[in-house]
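First, one chain by itself: the form predicted on its own, in structure tokens.
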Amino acid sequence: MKIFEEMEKRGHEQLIFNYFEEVDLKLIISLHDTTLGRVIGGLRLSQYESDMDAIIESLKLSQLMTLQSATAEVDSGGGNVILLGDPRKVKNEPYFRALGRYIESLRGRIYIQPDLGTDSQDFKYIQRETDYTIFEKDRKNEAKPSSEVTASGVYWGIKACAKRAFGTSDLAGRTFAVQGIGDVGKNVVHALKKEDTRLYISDLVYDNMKEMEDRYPDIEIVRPEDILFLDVDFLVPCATAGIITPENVGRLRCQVIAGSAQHIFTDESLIQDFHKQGILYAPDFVISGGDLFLLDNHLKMVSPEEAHEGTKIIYNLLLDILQRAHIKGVTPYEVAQADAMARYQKIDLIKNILC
């Protein structure tokens, strides 16, 4: 696979590689599109089978962030930062301060926020070298995760899907298979259990599932290899990417797919398979965009109350997308993508006006 062809296909502006041998820092920075404003990107630390796998994931995630920002009407572009390494081995103060130096050198081209494999402690080190970071803080000046706000957006998105698929946003009596009980997945479970729902859950970490089962005794734990193929109303993926493949897409028995996980398919063509099978798929960059409501258009944090209230917009936004897709006979993903691209193309035009 040729890197520059991938960048051209996805419309990327810049791809940066950094390596600092002294702390084994291997860094990929993707800047997708700055039309709407300064780039925001998640900081992800993970191991990959190859460097190319990491590059492709970074390109995909940064492109998705552009679409997400355009959909949420936030004046920011899409970016991503991937650190290649084992979180159990590489994490330390010099490692993250070195990363902070590289982010600082870009002078605000990208603002980073925690993502898979990174947390508030890591950002305490990063912030000693750069101010180009974003995360909510509590009264003790400690970072608060955006997982509750993301989960709130997923919940309202699920209700929009229920309205389209079943004629009512009331979730009582509906069945859900929640794949991934991390910070977001747990909060999605909490939200769904406010209504009379039946939940099946799965995670690679047993303690995460046990915590939910202890709190909600009627929840049923399912093996990770089985959770995707249950006969349920909703499949709610809240874990990693690439879980739906050409080999297993035909085994899906859900009626709706709506969750926080991004790029759950190994190939976008599988979205058409969902459509042919009669499965309603909520575009990932729409339903998972709740954390963007933590920001105002100056990239400053808003209150948790304002953010939670903002995620309710996802209900009307997604319902409109689903209804237009139904009328046109196309996938919701196509409608949502066209909407997002139209916004930043129009904004690009007005940038030519001299001030």
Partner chain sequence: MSQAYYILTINPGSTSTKIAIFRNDELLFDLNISHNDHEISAFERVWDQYAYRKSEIINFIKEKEFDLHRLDCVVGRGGLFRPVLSGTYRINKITLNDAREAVQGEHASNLGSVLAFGIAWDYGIPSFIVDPPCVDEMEDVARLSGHRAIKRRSLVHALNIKAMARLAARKLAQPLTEINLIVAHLGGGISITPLRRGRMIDTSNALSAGPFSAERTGTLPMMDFMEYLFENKLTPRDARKMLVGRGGMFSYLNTKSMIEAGERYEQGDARARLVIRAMAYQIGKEIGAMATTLKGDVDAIVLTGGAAHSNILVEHIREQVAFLGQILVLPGEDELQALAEGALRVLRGEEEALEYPQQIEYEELFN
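Just so it is clear, the structure is predicted and the values come from calculations on it, not from any experiment. Numbering follows the first chain given and starts at 1.
One more form of this protein, predicted together with the partner chain, exists but is not displayed; see below.
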_Option touching the partner chain, based on a heavy atom within 4.5 Å in the model of the complex, out of 93, 273, 183, 220_ = 220
*Work out which of 86, 214, 196, 247 lies within 4.5 Å of the partner chain in the model of the complex, going by heavy atoms.*
214
_So, residue 179 and the partner chain: in the model of the complex, are they within 4.5 Å at any heavy atom pair?_
no
*Any chance residue 190 has a heavy atom within 4.5 Å of the partner chain in the model of the complex?*
no
_Even though the partner isn't displayed, in the model of the complex is residue 202 close enough to the partner chain, meaning a heavy atom within 4.5 Å?_
yes
_Contact label in the model of the complex: residue 210 to the partner chain, heavy atom within 4.5 Å_ = yes
*Sort through 101-109, 70-78, 276-284, 220-228 and report the only stretch with a non-hydrogen atom within 4.5 Å of the partner chain in the model of the complex.*
220-228
_Residues in 44-62 close to the partner chain in the model of the complex, defined by a heavy atom within 4.5 Å, in order_ = none
